[in-house]
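Just one chain is shown here, as structure tokens, and it is the form predicted on its own.
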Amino acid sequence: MVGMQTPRRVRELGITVGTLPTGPLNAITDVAGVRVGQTTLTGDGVNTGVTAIVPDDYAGTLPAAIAVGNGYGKLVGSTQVDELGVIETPILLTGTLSTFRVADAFVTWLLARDPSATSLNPIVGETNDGHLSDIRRRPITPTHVHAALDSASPTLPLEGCAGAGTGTCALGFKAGIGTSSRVLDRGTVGVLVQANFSGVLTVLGKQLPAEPIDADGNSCMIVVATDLPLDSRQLGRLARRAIFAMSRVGSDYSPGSGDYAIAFTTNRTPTYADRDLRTPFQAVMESVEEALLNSLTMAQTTTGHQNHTAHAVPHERIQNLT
């Protein structure tokens, strides 16, 4: 158990993940032309929300790919991305039973911006926040969805108990939204995670066990953004590395977990050779590891539905590792 503590990113606790340099914000928004907006709902047994990842130039389609570590989840729009290798909309994250209301409100928002559209492929992912939120109420409304999209900003996104991470837990602790980035010679890789999975928290190879949280659904949504000149096949390779990186923080990849990664680039001119992907792979692995840790260290102890409580990871336990 831990009392109220000030949310701090893992680097502020003395933990440096990997060797590559971060971007100025150490966030997905370090990728030029990528913005994030969020809507958070709390109170009366509800802890949930919406997180929107908005590429500025999505309307012209952007190269993309999806990797599935374990498909126990709902990822609206995934089959068309697999078939065509592009996204044509922003990417939204939310709680499991709100997925379909979010998708419908998302289509309304998109139609208002394209009067000629007769087909759209909204991308909406989810994790199950029912341990801390009354998930059956499906409290997300179109107003919440549109607010997340309309508020999207290139600034540092809120982490921990924010947006789609408001009610999520991971590795025995309160978790939520996390983000990180790495800068390479030819561009930037940034990630955002919605962490909600089981296992034993591991920080730089050292385990920090916690009492398991008895929650339905153990999942992780990972969004990888870059401006590197990659094609959809290469983005699929990055997306798979994102799921691999979950093991670095102690994921047990449980049978009931929906583990997904969506990777896209804002660069439509693929010129990257496969033999040069070693450093982008490293950038993805490091960024996901750090984003997952940030999702934990930025979260706060939360009591929600049916008086369930998820405790924040005590910062001193992490600091004692250094």
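Note that residue numbering begins at 1 and tracks the sequence as displayed. Predicted model, so just to flag it, every value in this text is computed and none were measured.
Below, we refer to the form predicted in complex with another copy of the chain, which is not included among the displayed structures.
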property: Whether V107, L111 and T118 all lie within 4.5 angstroms of another copy of the chain in the predicted bound form by heavy atom; result: yes
property: Contact label in the predicted bound form: R186 to another copy of the chain, heavy atom within 4.5 Å; result: no
property: 4.5 Å heavy atom contact, T40 to another copy of the chain in the predicted bound form; result: no
property: Contact of E83 with another copy of the chain in the predicted bound form (heavy atom, 4.5 Å); result: yes
property: Residue contact check: T143 to another copy of the chain in the predicted bound form, 4.5 Å heavy atom; result: no
property: In the predicted bound form, the one of G160, G73, P90, P157 near another copy of the chain [non-hydrogen atom within 4.5 angstroms]; result: G73
property: Partner-facing stretch of 160-168, 173-181, 221-229, 200-208, counted where any non-hydrogen atom is within 4.5 angstroms of another copy of the chain in the predicted bound form; result: 200-208
property: Contacts with another copy of the chain in the predicted bound form - residues in 239-268 whose heavy atoms fall within 4.5 Å; result: R240, R241, I243, F244, S247, R248, S251, D252, Y253, S254, P255, Y260
